[in-house]
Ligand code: PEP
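We begin with a single chain expressed as C-alpha cells, specifically the form predicted on its own.
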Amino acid sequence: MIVVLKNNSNPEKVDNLVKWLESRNIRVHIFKGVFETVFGLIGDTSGIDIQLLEGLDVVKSVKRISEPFKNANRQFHPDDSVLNVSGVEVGGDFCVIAGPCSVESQEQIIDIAKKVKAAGATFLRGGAFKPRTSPYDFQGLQDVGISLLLEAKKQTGLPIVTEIMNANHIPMFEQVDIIQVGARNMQNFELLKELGRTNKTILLKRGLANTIKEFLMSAEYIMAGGNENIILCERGIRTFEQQTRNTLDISAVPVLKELSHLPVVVDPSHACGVARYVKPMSLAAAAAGAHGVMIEVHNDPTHALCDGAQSLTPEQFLDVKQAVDKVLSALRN
C-alpha cells in the first residue's frame, strides 16, 4: 500500500500516523522526494481501512499495490535511486565496470586495472570465485583473488566488483566495494537473505531464464532484509538462438526503469559471448537508458583462463568507451 502525504503536513501528526501503523505490525518505508513524501506500507495491509487513511488531514492519497515486489517498486520510491559507492555515483552518471572474467595473477590484474582506468573505467571487475559449468574448469583463485583485487584497487584507486557464491564467504568480502550475485545464484534465496543483512552494494544479475518479475522479486529478497543498495544487471537470457551465447534483452532496460527505482546496468560480454558484438550492444545499452555497462577486458584474451572469446583487449575497450561517450553526449544534446 502507498500513502502519499500532503505538502507541509504537521510533523507531529505524521509521526502519530507512523506509530499507529507500526502498532498494527506494518513496516513503514518513508521516501522523501523532491515534491512529496511517500509512505510504503509493508506487511498485511488487508485490515487497513483506506477510507480512514484518506480522511486524515495529512494524507493526500492512498493506493494498494498489486505487484508482489514492494521495496523495489518505483511507486514506493518515485525518484531514481542513486547509490554512492566509494565516491562513485551509480544511477546518476553512466558508470563503466571493466576487467577480466577471472583474476589470474597479480601482474595480470594490476596491468588490466591500470589500462581500463586510463581508458575511463569507473570500477574494476574480476572473478575471484568462478561458477563454471564443468567442475574441471578453472574455479578462480578465491581468497587469493580477492587479495589481488584489493592490491589492484590500492594501486589504481578503482573500486572493485567481484562475485560471491556462498553466504559463508561474506566476511571475505568486507573490503569489496560491490558484491556481485551471478545469474546462477539469482534465486539462491538463502544467500540473498544474508546479503540483505549487510550494508554492501549488491550487483544482482538476471538469471539465465528468469522473467523480469522474478528478477525484481530476487532484489526484493535483499531489500526485505534492510539492504537497499542494489544494482540490477541485465546479462542476457537463454533462448533458442545459437549464434550468440545468450540473447541480450535490451527491452529489459526501459521495463526495469519503469517498474523499479533501482539502477540498471547491462553486461554485453556475457549476453553475446562474442567480443566483436560487445561494442554494438554497449551502444544499444547506452541508447536504451542503462545506467552503465559491465565489460570483460583481458590483456591476452587468447590465453585467458575463462571466457577469452568474449573479452576485449584494452585497446578495444578504449574504442568502446569512446563510442559510448558519443552516444551519451548525443542523448544529452
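Start at 1 with the first residue shown and count on from there. The shown structure was predicted, so the numbers you read here are calculated from the model rather than taken from an experiment.
There is also a form predicted together with phosphoenolpyruvate (PEP); it is not shown, and the following applies to it.
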Completion exercise
From K153, K130, K114, R74: within 4.5 Å of phosphoenolpyruvate (PEP) in the predicted complex by heavy atoms is K130
Practice task
Using heavy atoms only and a 4.5 Å cut-off, determine which of N229, S260, S218, Q180 is in contact with phosphoenolpyruvate (PEP) in the predicted complex.
Solution key: Q180
Exercise for the section: Please run the contact check for A121 against phosphoenolpyruvate (PEP) in the predicted complex: heavy atoms, 4.5 angstroms, yes or no? Expected result: no
Practice task
Answer for E104 alone: is it within 4.5 Å of phosphoenolpyruvate (PEP) in the predicted complex, judged on heavy atom distances?
Solution key: no
Handout entry: Touches phosphoenolpyruvate (PEP) in the predicted complex: M294 (any heavy atom, 4.5 Å)
Key = yes
Practice task
Look up in the predicted complex whether H270 has a non-hydrogen atom within 4.5 angstroms of phosphoenolpyruvate (PEP), and give yes or no.
Solution key: yes
Completion exercise
For phosphoenolpyruvate (PEP) in the predicted complex, the stretch among 30-38, 272-280, 294-302, 57-65 with residues bearing a heavy atom within 4.5 Å is 294-302
Practice task
Let me know which residues along 188-210 have a heavy atom within 4.5 Å of phosphoenolpyruvate (PEP) in the predicted complex, or say none if there are none.
Solution key: K205
